[in-house]
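In structure tokens, the next block holds one chain alone, the form predicted on its own.
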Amino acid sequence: MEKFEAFDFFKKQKDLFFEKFIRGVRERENDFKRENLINILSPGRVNIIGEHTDYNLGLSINAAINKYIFITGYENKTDYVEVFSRYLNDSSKFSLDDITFDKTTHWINYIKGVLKEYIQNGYKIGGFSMVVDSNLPIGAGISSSASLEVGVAKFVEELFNLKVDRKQTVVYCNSAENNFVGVSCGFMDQFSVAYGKKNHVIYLNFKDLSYEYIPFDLEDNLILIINSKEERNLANTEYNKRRKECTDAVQLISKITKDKNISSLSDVSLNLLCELENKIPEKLFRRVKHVVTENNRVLLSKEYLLKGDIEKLGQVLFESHNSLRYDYEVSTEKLDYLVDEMSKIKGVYGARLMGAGFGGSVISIVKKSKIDSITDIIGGKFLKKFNVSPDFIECSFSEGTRRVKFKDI
């Protein structure tokens, strides 16, 4: 992100912060110093390859992107937290002594969940006031929730001088989403947001959260996210169903092979996959096939990235989509249409659905010089067929969540 763009967002936040939390309160006006504000820049993320592999303890290649949540705040010397979301034009206030799930203001639960994790783990957190803004679209599949969680975690760590290992921060934020908000997810989103690195992607092994940075300078290319605007109505129920199918498959395979070392689908090799055909129910076999071949596609993608072969990488994305479409059955007519049409356009290296599926977005790698014609063609065709215009989000790779010092902006 260009410095002047971040400056513009934080400048607006500083002014708004003063209006919302300082002006008219004499004791606050006397103590307030703008340079004491903590500013946090927290990116969204994309998953290049490796879908539905996280909860199967497999592999993925992902990255933080240059779309952000902006957080500005300070310690208010009370026992309560007050937050204003400029993006949503909504506010919330709650006591640190009574952190309970809020059914009416859903977004605040991501903040509450993170704070509860830190408090339960013995960290001392006081009250604070905070303004949140964003140019990261909500519901587009680029992890606005993880961006907010990791951003809030970084904010309280900086504000109260908490010494927390970055991997532990990821664990706290993931636990907040799973156990407080109630959304089942693996570690990929929070990890990508926290560990992002400019001009690099992250090769991540979910079995032990070991990782490796792989150089990927997009140069004359872009990551293009296409939001179908199709709400993921079935995502939760079908997602949980897929997870159960994978668990059932592991138990069955372990029993058939008499191999107790098979504790996840990532322990199943390509050779074993071939042997399992006709030995397990056809639907379960297809679920296993997706996970096993997707892990292999991640390994191939890593190889192509290290060689700088973006064309072969793009082909792997198309193959991944077909696997998600036919074997894992998480695609939709709209997502299939977007990927099929993208495959016909010069300047598109590859595309696939991104995220849980059943709606949401498609990720693609495209030539920067072709971006206008690509969006015109796809936008026009999609509108004509489905009577809705998709959103296009152009992005590149970013550093992970970080504090922006007052002097820097």
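So that there is no doubt, residue numbering starts at 1 and follows the sequence shown. Computed from a predicted model, the values in this text were never measured in an experiment.
One more form of this protein exists, namely the form predicted in complex with a small molecule; it is left out here, but the text below deals with it.
- Though the partner is left out of this view, E341 does not reach within 4.5 Å of the small molecule in the predicted bound form, counting heavy atoms only.
- Residue contact with the small molecule in the predicted bound form: E117 places no heavy atom within 4.5 Å of it.
- Not displayed here, the small molecule is kept clear of F318 by more than 4.5 Å at the level of heavy atoms in the predicted bound form.
- In the predicted bound form, at least one heavy atom of Y239 sits within 4.5 Å of the small molecule.
- Screening 42-50, 379-387, 66-74, 360-368 for residues having heavy atoms within 4.5 Å of the small molecule in the predicted bound form returns a single hit, 42-50.
- With the partner removed from view, the residue among A249, M188, V268, V83 that has a non-hydrogen atom within 4.5 Å of the small molecule in the predicted bound form turns out to be M188.
- For the candidate set L37, I345, L57, A356, a heavy atom within 4.5 Å of the small molecule in the predicted bound form is found for exactly one residue, namely A356.
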